[in-house]
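We begin with a single chain expressed as structure tokens, specifically the form predicted on its own.
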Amino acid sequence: MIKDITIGQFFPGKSPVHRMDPRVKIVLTMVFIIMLFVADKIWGLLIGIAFTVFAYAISRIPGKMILKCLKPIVPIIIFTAVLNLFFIRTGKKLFEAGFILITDDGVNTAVFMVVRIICLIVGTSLLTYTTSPIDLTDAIERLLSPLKLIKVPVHELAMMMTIALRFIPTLIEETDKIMSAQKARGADMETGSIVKRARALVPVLIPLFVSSFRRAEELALAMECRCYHGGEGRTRMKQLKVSCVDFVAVAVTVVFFAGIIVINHLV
């Protein structure tokens, strides 16, 4: 399970999505999130699914990555489905046994919410899959640059966000190594009650925190040795430029968004 977490990973490529301006990708990702929450009909959500499939097809990201990014959130998906299934009591009754009541509204809402969460995770993961950490840092800094007028440390904020995102795969790999080492020493982390499993994680969390602080200190020392002083006076070798691919992507996104709005009013 730990190895299947792909959050923050970057997969180099030469697809049109990889060539897009990272600022445009961030903005379109936000528009995509809004698109999913604006869709209040199942047909509108199907347009969101079509947009997600189309984006992955253009980006040439392997389909197995979709399954990998969904595995960690399976418990959340199940929990959301159960809540909507058993706690929505409006609509036509489908099943009743004691205090358990399942209605058609509950089933529809459960399916709707599960599909929305899946599209949300899969669609937003495409941003980190196709954008390098350096490009992501520059894009966040450019988008937040107006905040410099109110003395917000935009560069430092963007750097912290990107470093945190970049080190997610590293911490996942470190966690897997620590768990394997503890299991080799006889630790049991897969059986027993929830309390017992939680206690079994203590020998994993302590080394993980120590390792994280050590990596943070090494990174800070490396940046200091390279005379890093923040964003003041910093130049960039690669300048971000909007190209025809970005305009096409914006146009396609607008078409899909308009389709959802039309369906919301017609269906």
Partner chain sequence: MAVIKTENLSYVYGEGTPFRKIAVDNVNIEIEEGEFVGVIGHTGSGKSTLIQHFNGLLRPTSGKVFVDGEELWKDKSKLRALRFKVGLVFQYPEYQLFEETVYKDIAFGPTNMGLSRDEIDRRVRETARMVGLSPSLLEKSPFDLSGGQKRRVAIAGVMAMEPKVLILDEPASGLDPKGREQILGLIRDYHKTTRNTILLISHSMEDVAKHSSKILVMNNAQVFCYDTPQRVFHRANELEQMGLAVPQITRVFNRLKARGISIDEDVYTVDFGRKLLLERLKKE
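Residue numbers count along the first chain shown, from 1. Here, rigid core means the biggest group of C-alpha atoms that superpose within 1.5 Å across both forms. Just so we're clear, the structure is a prediction, and the values are computed from it rather than from any experiment.
One more form of this protein, predicted together with its partner chain, exists but is not displayed; see below.
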Query raised in the report: Okay, which stretch from 205-213, 51-59, 34-42, 238-246 lines its partner chain in the predicted complex, with non-hydrogen atoms inside 4.5 Å?
Result: 205-213
**Report entry** Every residue of Phe11, Lys183 and Gly186 near its partner chain in the predicted complex, heavy atom within 4.5 Å
**Finding:** yes
Query - Interface membership of Val115, its partner chain in the predicted complex, 4.5 Å heavy atom rule - result: no
Query raised in the report: Is Arg226 close to its partner chain in the predicted complex, meaning a heavy atom pair under 4.5 Å apart or at it?
Result: no
Query raised in the report: Taking heavy atoms only, is Ile178 within 4.5 angstroms of its partner chain in the predicted complex?
Result: yes
Query raised in the report: Considering only 40-69, what residues come within 4.5 Å of its partner chain in the predicted complex, judged by heavy atoms?
Result: Lys64
Query raised in the report: Has the Cα of Asp176 moved 2 Å or more between this form and the one not shown, judged after a core fit?
Result: yes
